[in-house]
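The chain below stands alone and is given in structure tokens; this is the form predicted on its own.
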């Protein structure tokens, strides 16, 4: 009896230590967001004095400064970023899942291994390597200063394809596909009406990752877009940070960053259950 009590006490202590460690790292991860929110409520002069753990009284003035800055239209930039991020994430998850479905289903395809290896090889090529050629190509097509170069290339997403392929290999029974074929459904109907509902957890987790990546993308949009009305949120925030120091408003900058993270948080909260399920199932390969 004493041994059981000792083991139970040891297990309790172990759990308490684990919880304390998790709470510590959670607070550590949330601390930058707390500083961001606090500074978004403080005036520029107060922020220059250093860190403060208490909220300021300039939240209204910072909010008005953000909305009244015609040189840096935040609302327009947020709308541009949302259009690009939502469109690119939808194309990314759909076409990546469709490609993975073809590779996973047609196992007797002669060039299956070559196609799979080629797609994974592209994943190893950094975006910066092909950036100059891509910009030159978009200039020849007359697509610079538009959203198309930031949306259409998202169709090819090797990393998302690899995740979807792994998910299908572990969680998609081929008997369902065979049954749909016997019932006379073609491949497009099978994928759109049967496979996609089964892939909701995987699609959700990749959708949020693709959305965040596109939302935070600065490198390519900065090279493509010049018009003030077409600039995305990362470009706008970078311009605010590099503005004339005599006219620079730190409170406005922190308020703009706070605005920037709100859509990402909302999208995550909407898809949170599917994300957890998708990560769990996608990491188990039977």
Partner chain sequence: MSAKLEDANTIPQTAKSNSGTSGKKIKGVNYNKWGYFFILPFFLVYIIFQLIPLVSTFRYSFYEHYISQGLLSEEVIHRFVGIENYKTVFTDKETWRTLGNTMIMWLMGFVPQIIISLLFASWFTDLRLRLKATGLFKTVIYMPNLIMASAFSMLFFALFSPNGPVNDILIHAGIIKESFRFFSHAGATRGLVALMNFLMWFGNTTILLMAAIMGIDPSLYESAQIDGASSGQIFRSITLPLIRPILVYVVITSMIGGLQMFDVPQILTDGTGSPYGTTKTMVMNLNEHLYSKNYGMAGTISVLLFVLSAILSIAVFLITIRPDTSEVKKKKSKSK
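Numbering follows the first chain given and starts at 1. Remember, it's a predicted structure, so these values are computed and weren't measured experimentally. We call the rigid core the largest set of C-alpha positions that still match within 1.5 Å between the two forms.
The next section is about a form of this same protein that is not shown, the form predicted together with its partner chain.
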Next on the checklist: If the criterion is a non-hydrogen atom within 4.5 angstroms, does every one of 26, 101 and 153 touch its partner chain in the predicted complex?
Outcome noted: yes
Checklist entry - What is the one choice in 199, 165, 86, 119 with a heavy atom within 4.5 Å of its partner chain in the predicted complex? => result 119
Next on the checklist: With the partner left out here, check for me: in the predicted complex, does some heavy atom of residue 181 sit within 4.5 Å of its partner chain?
Outcome noted: yes
Next on the checklist: How about residue 63 - does it come within 4.5 Å of its partner chain in the predicted complex, if we only consider non-hydrogen atoms?
Outcome noted: no
Checklist entry - residue 32: heavy atom within 4.5 Å of its partner chain in the predicted complex? => result yes
Next on the checklist: I'd like to know if residue 55 sits close to its partner chain in the predicted complex, meaning any non-hydrogen atom pair within 4.5 angstroms.
Outcome noted: no
Checklist entry - Can you name the residues of 196 to 220 that have a heavy atom within 4.5 Å of its partner chain in the predicted complex? => result 208, 209, 212, 215, 216, 218, 219
Checklist entry - For residue 227, is the CA shift between this form and the one not shown at least 2 Å following rigid-core superposition? => result no
Checklist entry - Comparing between this form and the one not shown on the rigid core: C-alpha of residue 148 shifted by 2 Å or more? => result no
Item to check | Post core alignment: residue 46 C-alpha displaced by 2 Å or more between this form and the one not shown | outcome: yes
